[in-house]
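Given next, in structure tokens, is a single chain: the form predicted alone.
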Amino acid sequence: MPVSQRIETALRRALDAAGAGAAPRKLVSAVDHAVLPGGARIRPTILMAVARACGEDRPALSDRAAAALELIHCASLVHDDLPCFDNADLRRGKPSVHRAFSEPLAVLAGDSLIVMAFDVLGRADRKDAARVLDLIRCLSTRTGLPNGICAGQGWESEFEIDLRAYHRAKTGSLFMAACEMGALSAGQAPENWTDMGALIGEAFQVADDLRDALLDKETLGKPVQQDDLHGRPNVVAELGVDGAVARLRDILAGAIASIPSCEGEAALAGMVRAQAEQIVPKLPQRTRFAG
């Protein structure tokens, strides 16, 4: 089964379980709206690629890990879009959850997705208990304080922002989780993959800054120029467009170079290059990533 189909099947299974029985239908619909249809599913795709490179021996566990990671990511998008944060009307080309279902239901949907992510892992086969415990610890570390996505959002309320810590937490943390959880689901050491995840996350943040500065709302599928609107630090403001593009190239080269020696090293490098093309699909030709 293709990786994309494995990811979607695992997510659909989690959503069906959450919506079973006497669950409140509006909240169920809000949760579904937050997850389906999805975006590029970059994070779970990276997780699966790392698991395969590590000799994936328990694919059912990799499926659960990928679904859990994407559910956390979707929860973060729901909360990011709320009026108290970005107050965004669009997400993935459709109304954001609070616009489609109300602000209270959006808060509950985001909360439900976080809980669902850990429930997906907790329902894994008992023979995988040791790996599941490591996966839960990894995902919780990359989600909460002191260095997870919650910390990343929290940096925006500080008077002085450590830009590197801010980007590493807000964007890099779930990419680090993707690489670490891919290794953990295959029974391998996660620390060998942290640097790769951090670099991919840094590249994604630079690309996101470029898209926010250069694309329009219709192309991006969400509001643009949010960094300027909210006074957030960003690489384009710091380095300019050409400097940001050069930084992006350097980071991605570093990410490929950081891949640990393994049987699937070449395939994984190809995947990183392919994901780089998805990160900046509409920018000028000079930003394309060859070789």
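One rule holds for the numbers: they count along the sequence shown, beginning at 1. Note that the structure is a prediction, hence the values are computed from the model and not measured.
Another form exists, predicted in complex with a further copy of the same chain; not displayed. Remarks below refer to it.
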*So in the predicted bound form, does any heavy atom of K94 sit within 4.5 Å of a further copy of the same chain?*
no
_in the predicted bound form, does D208 come within 4.5 Å of a further copy of the same chain, counting heavy atoms only?_
no
*Partner proximity in the predicted bound form: N87 to a further copy of the same chain, non-hydrogen atom cutoff 4.5 Å*: no
*Decide whether C262 counts as a contact residue for a further copy of the same chain in the predicted bound form under a heavy atom distance cut-off of 4.5 Å.*
no
*With the partner removed from view, which of 25-33, 49-57, 235-243, 249-257 is the stretch that lies within 4.5 Å of a further copy of the same chain in the predicted bound form, judged by heavy atom distances?*
25-33
_Which residue, A213, L82, A100, A186, is the contact with a further copy of the same chain in the predicted bound form, using a 4.5 Å heavy atom cutoff?_
L82
*Residue by residue through 143-160, tell me which have a non-hydrogen atom within 4.5 angstroms of a further copy of the same chain in the predicted bound form.*
T143, G144, L145, P146, C150, A151, Q153, G154, W155, S157, E158, F159
